[in-house]
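Encoded as structure tokens, the following chain is the form predicted on its own, with no partner shown.
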Amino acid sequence: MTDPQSTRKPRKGDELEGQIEHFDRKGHAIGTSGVYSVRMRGGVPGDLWKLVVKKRRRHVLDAHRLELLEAGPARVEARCQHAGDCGGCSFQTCDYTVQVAEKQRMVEEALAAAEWPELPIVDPVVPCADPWNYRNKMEFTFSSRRWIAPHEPQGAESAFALGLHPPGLFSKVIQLAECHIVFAAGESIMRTAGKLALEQGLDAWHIFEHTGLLRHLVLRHAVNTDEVMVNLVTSREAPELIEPFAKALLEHHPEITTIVQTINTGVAMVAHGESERTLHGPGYIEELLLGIRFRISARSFFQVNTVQAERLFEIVREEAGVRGDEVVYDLYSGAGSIALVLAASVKVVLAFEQVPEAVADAIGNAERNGVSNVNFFEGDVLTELDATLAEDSPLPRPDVCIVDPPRAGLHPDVPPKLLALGAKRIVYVSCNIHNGAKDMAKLIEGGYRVTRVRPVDLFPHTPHVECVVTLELTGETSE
């Protein structure tokens, strides 16, 4: 083993010891070995590992774990047999209270790195009451190239798998026997679907040859109505094969309320396609969220953690600080969840969204709930804001802006438009606080001040954390 105090720089293949200290935002365990920083998968803060160097970049060593020499106090027994191999929930061997503390640290570090002129105090992360079986949607992949774990015997069956990818390896799939983050019934449905596919001789998709029938199994659950959707994504319609499969699946699982087949004839590994067929039930499920009934189709976007989504939306409503007479803009409004939750508390909501299917879902959800004071606009947010800012625009200016962008954050031209709108308050919902902090730095330069940061853990056992950040207009710019 290489002496960590040695003057020779570590090389690929060298063995050394590393003390794990924390996680980074991508889920790597970060520690030290002598004067070097170590980055690896599978460690927990407090662990001492025997490692082998994979790559060195200046004073950072990328390493593989060889042997756990001393378990840290935060290490717990994995609930799932696939925890060391699967990319679905990388923090599973870390005590949940420590996970939450790590997410708190990540948020605070992201804000510090953004170099805001004034750093707000970050509220404690709102934890998930039950960090298991919390996902109301899970996308499993069929593959003709099964990933064989190192501990499996030689000659293990490798021509079929239904499960998730190993971290960083999208050409193969782990055959899952269990999954503890999908809703409870989903684990059993997944196992049955794989068993029936093998029994009925249905071939799985080959990622390189672009052959095979079965591509994805997408499961959705409405927590408050207990409705279950199965969306089977296939490469062609093949009703003579798919309909017997769906019938057998339903016989095993009468809790399934609808089955949809999505046909994707392209080569991209995505769980949507050119057409859909409803094989059983209405073709959608319905969920209740803070008194609003949402219809969720196979293509609908909906927060994957229902319980925490309710808390997130409550926090957004609290931070909006509305009294009943406000005009609210909801940018990147998706299927209208936030807009509809806010509608009863404000004068009017103007919601802007680019994805046509999401806008259609939002309009339908508003009609079914009798909400008449939300107007939905389909189009690129930047273009829509330009139209709103035009002198001849009939739209009122906002008192409050809700901004809930994708992980990449805002287009660089959007913050100046927000500044021009001049809302007294902006509530920024960030699923990637590192990118969100950069966006908000531009708003701070333009005269806003951050008054509160409220993180919510929607994704236990992963490095992801949502943040609700409230900004109030002061009128004082940094120029």
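Keep in mind that this is a model prediction, so the values were computed, not measured. Numbers follow the displayed sequence, beginning with 1.
Absent from the display: the form predicted in complex with a small molecule. The rest refers to it.
Trainee: Taking 4.5 Å between heavy atoms as the contact cutoff, choose which of V223, V355, I148, A185 touches the small molecule in the model of the complex.
Mentor: Looking at the other structure, the residue within range turns out to be V355.
Trainee: Work out which of S144, N369, Q303, Q261 lies within 4.5 Å of the small molecule in the model of the complex, going by heavy atoms.
Mentor: Looking at S144, N369, Q303, Q261 one by one, just Q303 meets the 4.5 Å heavy-atom criterion.
Trainee: With heavy atoms only and a cut-off of 4.5 Å, decide whether E319 touches the small molecule in the model of the complex.
Mentor: Close contact is absent here: in the model of the complex, E319 is far from the small molecule, nothing within 4.5 Å, heavy atoms only.
Trainee: Could you confirm whether V381 comes within 4.5 Å of the small molecule in the model of the complex, counting heavy atoms only?
Mentor: Answer yes; at least one heavy atom of V381 falls within 4.5 Å of the small molecule in the model of the complex.
Trainee: Please run the contact check for F376 against the small molecule in the model of the complex: heavy atoms, 4.5 angstroms, yes or no?
Mentor: Answer no; every heavy atom of F376 is more than 4.5 Å from the small molecule in the model of the complex.
Trainee: Indicate whether Q99 is a 4.5 Å heavy atom neighbour of the small molecule in the model of the complex.
Mentor: No, no contact at 4.5 Å.
Trainee: Does the small molecule come within 4.5 Å of a heavy atom in each of Y329, D386 and T388 in the model of the complex?
Mentor: No.
Trainee: Among 198-206, 155-163, 278-286, 397-405, which stretch sits within 4.5 Å of the small molecule in the model of the complex, heavy atoms only?
Mentor: Of the options, only 397-405 has residues within 4.5 Å of the partner.
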